[in-house]
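Only one chain comes next, encoded as structure tokens, the form predicted alone.
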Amino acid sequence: MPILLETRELTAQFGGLQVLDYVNISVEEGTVTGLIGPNGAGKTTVFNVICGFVKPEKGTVIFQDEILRHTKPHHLTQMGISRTLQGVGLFPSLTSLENVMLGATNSVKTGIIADSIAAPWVDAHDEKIRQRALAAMNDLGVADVAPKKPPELPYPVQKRVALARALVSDPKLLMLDEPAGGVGADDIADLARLIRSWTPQRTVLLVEHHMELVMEVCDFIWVLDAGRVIAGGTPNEVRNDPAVLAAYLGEDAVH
């Protein structure tokens, strides 16, 4: 399959500490690719460089055969990239529907967002976004909580609302930052089915500590340790790689 996303020699330092050291990874279109490693390995920093939150000292990010220069986080939706955050990152003062609507575009009128549900003055553009947001929430089984605010919801439901927000823009690349964090075994099983259902129509790049989920859903896995890529391969190849086992201090960490 063609390469949708690629990083070449990404290098970054924070306070003199080498966080990324010539990181080269690629993500094939229509697949689920995992990015794993011990705490502090640099996984989220790779995400932040791709999304424009962190500027690397060296290296390039290539998306759809184009080098990304001066990427700004608010440009991601227009580029076809969507990302979830560790935790949920929802606005507690907005309803769930309003939160999801914010993922569809960066041009929604602030006043309309604040009063969007059933508001008679919503223009055609924002009404279209509202319907897309409701459809995304329905796909994730959370349409019934549209009028509720995040603090009123159980954490696993908040996570689904956050996923709906990431999906509502119909991204080419969906970047998931620890989507299984804080949810139970049943919810993780549902999450695995969801992630697999999104391909091959959509491409997923996944950072996750829950190894059972990673091994179940990923087609290919990159492994970071201390800012360097130490392995790349299928789940079976990574599972049995001596360098990976050493990085995780034992086989149980990746089995």
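Since this is a predicted model, take the numbers as computed values, not measurements. Counting begins at 1, following the sequence as shown.
Only in words, not in the display: the form predicted in complex with a small molecule, which the text now covers.
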| query | finding |
| --- | --- |
| Leu10, heavy atom within 4.5 angstroms of the small molecule in the predicted bound form | no |
| Any non-hydrogen atom of Thr45 within 4.5 angstroms of the small molecule in the predicted bound form | yes |
| Partner proximity in the predicted bound form: Gln86 to the small molecule, non-hydrogen atom cutoff 4.5 Å | yes |
| Ala41, heavy atom within 4.5 angstroms of the small molecule in the predicted bound form | yes |
| Segment that reaches the small molecule in the predicted bound form - one of 197 to 205, 61 to 69, 31 to 39, 214 to 222, heavy atoms within 4.5 Å | 31 to 39 |
